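A lone chain, given as structure tokens: the form predicted alone.
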Amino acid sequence: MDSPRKSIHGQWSSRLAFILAATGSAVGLGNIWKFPYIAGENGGGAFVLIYLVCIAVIGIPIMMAEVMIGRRGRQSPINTMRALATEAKTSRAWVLLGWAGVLAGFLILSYYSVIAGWALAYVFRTGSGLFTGLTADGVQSIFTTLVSDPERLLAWHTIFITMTMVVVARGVRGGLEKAVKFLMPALFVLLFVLVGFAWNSGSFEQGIEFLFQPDFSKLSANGILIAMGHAFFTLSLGMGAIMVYGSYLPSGASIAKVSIAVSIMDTLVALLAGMAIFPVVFANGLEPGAGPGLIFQTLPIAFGHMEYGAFFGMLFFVLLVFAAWSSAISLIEPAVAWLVENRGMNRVMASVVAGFVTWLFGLMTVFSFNLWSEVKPMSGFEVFKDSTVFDLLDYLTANIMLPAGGLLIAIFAGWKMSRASSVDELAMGDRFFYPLWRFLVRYITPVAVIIVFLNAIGIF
């Protein structure tokens, strides 16, 4: 029997709307630069194969669990965990999982907005032809000038937060759904256009080989750990976003099918991004292993030396903005939902309050690159001696809060929720697929997430 709870925020109009929204949440800057880079450096096609196995064993079971918990509770993550802990007759301390998810999303958006602001700035810098013909030093100078100016960073951070809250304030169907129905198809169109541009770069085959050619000699034990970690992080698990999106999912939609669809689309974006980026990089004799600098320092050099590079470079940074925007609206939604449910605010006021607090916290990241660049809050610890406030926020959320959230979601769904409740929500039958999911989420997935956590904090 379906849960009698109903969301006061409304629900997605269809299964497709949820898939687009959850894919938008999952797709971000990591898909555009990190996945192609780590795949190429760890055996190409061999790494992609291991990654897909990890998605199946880690990513999809936890996503199903998080969506299931969200739909069962039909509220913000905090109130959902409170209600489901009561339903399961277990400790009320499980509400802390909801709080941790909301806090993680809030902290991530506070610095994610600043980085997204860089992408916004580069849309105009690239489109105006600013990078045309520049050397590496020239491009480096433009980037340094941007991040060292707190007023510029503050302006772009403010614009991006405002863009995000305008969407969230309009509600589930009027804001979130309308936005993702535009942003996600537009993102795929931009990706295919950029792949077409890369096709004509003269180095398309070299880029494809870097990304897909299996080289098992490069696939070390550490490469497998990297695949496990990325399979978990890429789907935006453990931060409340998927849980709150699940609370808006119609009762008749198959949680297993939508989770698989989101995983496939998220991986497709990452692979298409690699197909668009690396041929351009190789065509200009640049270093494909540039990490975060690939986006804001290496690629502008490439676009600056190619025919129509200004136009296609601008499209690339528009793509980045769209990816960041679709993620941002999911990161703040859990906090907005809680304010509406618990503080009697309407949606607009809740969005303004959540947006302002996020913007305020974002100042720490803005200043980390300039005024506070020499401030090292935990310099007394060897591992953090050179870490700025931004570095610490990134470490805390990515390496501790998200793995812990994912682990607790798996434990709650597999061990605390009754079998009847999970059978009811997942509606997979009770012969093969449900027992397989339950086995994975109870035994295999938690162990895998613990390994990811230990690797992320440097124990492995």
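Residue positions are given as counts along the sequence shown, with the first one as 1. Basically, rigid core = biggest C-alpha set you can superpose within 1.5 Å across the two forms. Please read these numbers as outputs of a predicted model, since none were measured by experiment.
The form predicted in complex with a small molecule is left out here; the points below concern that form.
Remark: Thr234 counts among the residues lining the small molecule in the model of the complex, judged by a heavy atom distance of 4.5 Å or less. Looking at Gly30, you'd find a heavy atom of it within 4.5 angstroms of the small molecule in the model of the complex. In the model of the complex, the small molecule sits within 4.5 Å of a heavy atom belonging to Leu331. The small molecule in the model of the complex is not approached by Ala410, whose heavy atoms all lie more than 4.5 angstroms from it. Using a 4.5 angstroms heavy atom cutoff to the small molecule in the model of the complex, none of Val102, Ser247 and Trp338 count as contacting. Scanning Val180, Leu211, Ile161, Met239 against the small molecule in the model of the complex with a 4.5 Å heavy atom cut-off leaves one residue, Met239. Ser327 is the sole member of Gln75, Ser327, Ser113, Ser259 with a non-hydrogen atom lying within 4.5 angstroms of the small molecule in the model of the complex.
Of the candidate stretches 386-394, 137-145, 239-247, 88-96, only 239-247 has residues whose heavy atoms lie within 4.5 Å of the small molecule in the model of the complex. In the core-superposed comparison between the shown form and the other one, Ala324 has its Cα shifted by less than 2 Å. Once the rigid core is overlaid between the shown form and the other one, Ala231 counts among the residues whose Cα shifts by 2 Å or more.
A movement of the C-alpha atom of Phe412 falling short of 2 angstroms is seen between the shown form and the other one when the two forms are aligned on their rigid core.
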